[in-house]
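Single chain ahead, by itself, as structure tokens, in the form predicted alone.
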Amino acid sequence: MKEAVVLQEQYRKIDFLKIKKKQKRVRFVKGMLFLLPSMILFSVFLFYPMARTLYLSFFLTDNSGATTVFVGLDNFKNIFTSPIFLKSLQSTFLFVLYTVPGTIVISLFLAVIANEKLKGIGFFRMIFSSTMGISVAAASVFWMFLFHPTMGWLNQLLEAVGLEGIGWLTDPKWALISVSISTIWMNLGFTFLILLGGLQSIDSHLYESAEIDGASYLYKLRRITIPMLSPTLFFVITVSFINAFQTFGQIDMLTRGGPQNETNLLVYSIYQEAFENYQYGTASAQAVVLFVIILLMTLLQFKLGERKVHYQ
């Protein structure tokens, strides 16, 4: 009798384990079915292009992009000995240096102002975030008129105060700065909205406690606002770095990489090599270098920047 009871217990355990394994398999299949559309999209539009780019970087190609001769690392050696690519690399890092800090500082300043409880502040919030709704092409046309050497408002303003007009997009000294100014303006809306959302999520009781202790506005900004906003700042800085390295639209619209390759950023250099010079192997090598740079910058940002992030 006891043996029969023991056997029944064992059979129940076996049945239970079978049912549990079957449920796990069903859950796994359901999960994979939910992930399948995303996996297909990522494979077609991300993983395959990355693998194809890496593959092409080791070959010479014809005008149609078909591989002809395996050259190994020669494409990488050629670009790092090319003065045009090195100039493009330098211009890209300068562009990032100009745009990222400028965008973050101005957006943070506007977000702090817009976070104040003042009458009519909603109108200013709308104005500050309005650049988010303007396409790169439309914004570039707007800045093209502003930078025009004769009809542009900027030069007319300079001449009105007795100063000489500037070749904003034609002078090698000013071209990269001019494109950086327009890029900062284009990116303000998105960055402002994210930072404003971060500011509004800070607990108001922290400020009330600081006011009771007699803390000044600058002290609250330095000791409460910035530390509590650090997760949002970390996100914004990381995204801004990535977007700056991938800038293309305003370069194509405003300068087309000139004058004297001063604004020939890496993405535009890749575009020229691939679709104007039909050197797909060299273009792929440049794309791999750009990917590695963005990856290293992002990892460095996570390694160094996240230490100073204060999560609530």
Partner chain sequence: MTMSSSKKLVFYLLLTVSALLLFAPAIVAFLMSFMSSQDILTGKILPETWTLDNYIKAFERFPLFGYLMNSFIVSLFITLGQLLLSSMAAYAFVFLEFKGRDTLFFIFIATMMIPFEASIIPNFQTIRGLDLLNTYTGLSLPFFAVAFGTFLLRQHFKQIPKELKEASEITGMGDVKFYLTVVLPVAKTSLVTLGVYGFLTSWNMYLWPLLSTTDDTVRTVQIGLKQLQSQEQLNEWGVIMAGGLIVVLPTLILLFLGQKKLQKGLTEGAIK
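Positions refer to the first chain, counted from 1. Only the largest set of C-alpha atoms that superpose within 1.5 Å between the two forms is called the rigid core. This one's a predicted model, so the numbers in the text were calculated from it and none came from an experiment.
There is another form of this protein, the form predicted together with the partner chain, and it is not shown here; the text below is about that form.
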Review point. At the 4.5 Å heavy atom threshold, is residue 299 in contact with the partner chain in the predicted bound form?
Key: yes
Review point. Does residue 76 make contact with the partner chain in the predicted bound form, using a 4.5 Å heavy atom cut-off?
Key: no
Check your understanding: Is residue 124 close to the partner chain in the predicted bound form, meaning a heavy atom pair under 4.5 Å apart or at it?
Key -> yes
Review point. Does any heavy atom of residue 295 come within 4.5 Å of a heavy atom of the partner chain in the predicted bound form?
Key: yes
Practice item. Could you check which residue among 177, 104, 158, 134 gets a heavy atom within 4.5 Å of the partner chain in the predicted bound form? Key: 134
Study note, to complete from the structure: The one option of 114, 89, 108, 96 with any heavy atom within 4.5 Å of the partner chain in the predicted bound form is 114
Practice item. Look at residue 38 and decide if its Cα position differs by 2 Å or more between this form and the one not shown after superposing on the rigid core. Key: yes
